[in-house]
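Next up is one chain by itself, shown in structure tokens, the form predicted alone.
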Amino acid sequence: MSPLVSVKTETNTYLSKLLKQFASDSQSKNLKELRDRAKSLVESSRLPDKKDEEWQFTDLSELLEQDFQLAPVAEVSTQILEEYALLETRESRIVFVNGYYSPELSNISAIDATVYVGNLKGLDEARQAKIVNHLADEVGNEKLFAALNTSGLEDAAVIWAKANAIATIPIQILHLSAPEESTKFSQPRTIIVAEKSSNLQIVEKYGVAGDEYGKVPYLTNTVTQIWLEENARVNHTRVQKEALSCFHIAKTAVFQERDSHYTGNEISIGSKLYRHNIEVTQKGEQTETNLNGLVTISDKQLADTHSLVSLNLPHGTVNQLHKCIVSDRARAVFNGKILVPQKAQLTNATQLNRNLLLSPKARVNTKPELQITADDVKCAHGATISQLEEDEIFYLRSRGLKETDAKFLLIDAFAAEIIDRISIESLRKRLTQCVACKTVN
């Protein structure tokens, strides 16, 4: 048997073991059909490896060494929430633990009837059916890990804004992992629907439930899907702060209709291995997409961000800025694609990846891409890799700062360009503190 066949057989067996752990029954016929289609996709796939162009810098071989078992329902103390609670969302927060809805930890008393905040099972039948139809339209485009998530889909976090609804306060979706002494995996799912002319501000956060957890390897395989109808606005901040024993693999898919505005702020601090696929599809004219990313890693962490923005019609706008702060032996990967086909005339797209290396052994692999066939557009892209400038450090020290303080001041300024774009004050302060702890010894 050739080595290629052997590897494929090994990964197929591995994926089959994961699939067998999902319950065979589901809450509806349509959902069962959706899961079956996704299962077939997984069964015909293999675990990607470094020979695949999209995964050439991200080695998943360590996953094969883990015997992951589906995480059970777990209880989490309310004290744990203090680490993740935001002042602005104390009464507009839903909590999921290991992918299971926890109503006792959730508090949505400040949400009015124009916005549904809860789980998929609690949604009325009409909107459940509409969501399943949405998911069915997209399942054929799912890649392996997203299809694996759909294969076990039974429940999800759901935020649904009715037409013209204006959420006056931010809404937090908190996904906590509570792994045990053996290796576990969970598959959180988040679904957001913003109907015509609605406005939402959402914080989606991933963390681990206390210091006693996360000492053994665990896997979080998560999918978030967001639909914006005509003239809807969604400001979406995603924060990943899992334990350093975590493999965090995620997909965020955004679908925008005419005149809609989507802003995505991605902050990644935790996890041993972090892979985030961001896919945005502009399905209407005069659509605006803003993507802001900040990755801060150290030790031997690996953070891989792949983004794809498809502009399909005229007058679309994309602004993307992705920053990485990399120290010790960590590695950051950025691969960003913006597609501008012939129909997407009069569009404006910019993409920039800026990287700050804090040690000689830190590594960055960056590949910003523009694929343009339209001829009347304004598009630009670029990437920079730099280190802290000695003359800048010397200048700050000459003004009385210690070397550590001088370095942090420069790092803080680099990170602030992204963090300051987050409108929630308590979250901005907390993220600034996290960057300080992560980058300065």
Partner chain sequence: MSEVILSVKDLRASIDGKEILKGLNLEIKAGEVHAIMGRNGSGKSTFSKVLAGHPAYEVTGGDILYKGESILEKEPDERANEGIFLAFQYPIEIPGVSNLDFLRVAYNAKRKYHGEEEIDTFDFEDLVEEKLDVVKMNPSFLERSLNQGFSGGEKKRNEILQMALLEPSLSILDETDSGLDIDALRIVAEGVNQLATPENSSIVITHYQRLLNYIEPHFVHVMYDGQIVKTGTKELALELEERGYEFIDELVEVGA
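Numbering follows the first chain given and starts at 1. This structure is a prediction, so every number in the text was calculated from the model and none was measured.
This protein has a second form, the form predicted in complex with the partner chain, left out of what is shown; the following refers to that one.
*Asks:* Check whether Leu70 has any heavy atom within 4.5 Å of a heavy atom of the partner chain in the predicted complex, and answer yes or no.
*Replies:* Answer no; every heavy atom of Leu70 is more than 4.5 Å from the partner chain in the predicted complex.
*Asks:* Given that the partner is absent here, does Asp59 sit within 4.5 Å of the partner chain in the predicted complex, heavy atoms only?
*Replies:* No, Asp59 sits far enough from the partner chain in the predicted complex that none of its heavy atoms falls within 4.5 Å.
*Asks:* In the predicted complex, is there a heavy atom of the partner chain that lies within 4.5 Å of any heavy atom of Asp52, even though the partner is absent here?
*Replies:* Residue-level check for Asp52: no, no contact with the partner chain.
*Asks:* If you check in the predicted complex, is Arg399 within 4.5 Å of the partner chain, heavy atoms only?
*Replies:* Close contact exists here: in the predicted complex, Arg399 approaches the partner chain to within 4.5 Å, heavy atoms only.
*Asks:* 44-52, 62-70, 29-37, 410-418: which one contacts the partner chain in the predicted complex at 4.5 Å, heavy atom to heavy atom?
*Replies:* Looking at the partner contacts, the answer comes out as 410-418.
*Asks:* What residues, if any, in 379-398 have a non-hydrogen atom within 4.5 angstroms of the partner chain in the predicted complex?
*Replies:* Residues within 4.5 Å: Glu390, Asp391, Glu392, Phe394, Tyr395, Leu396, Arg397, Ser398.
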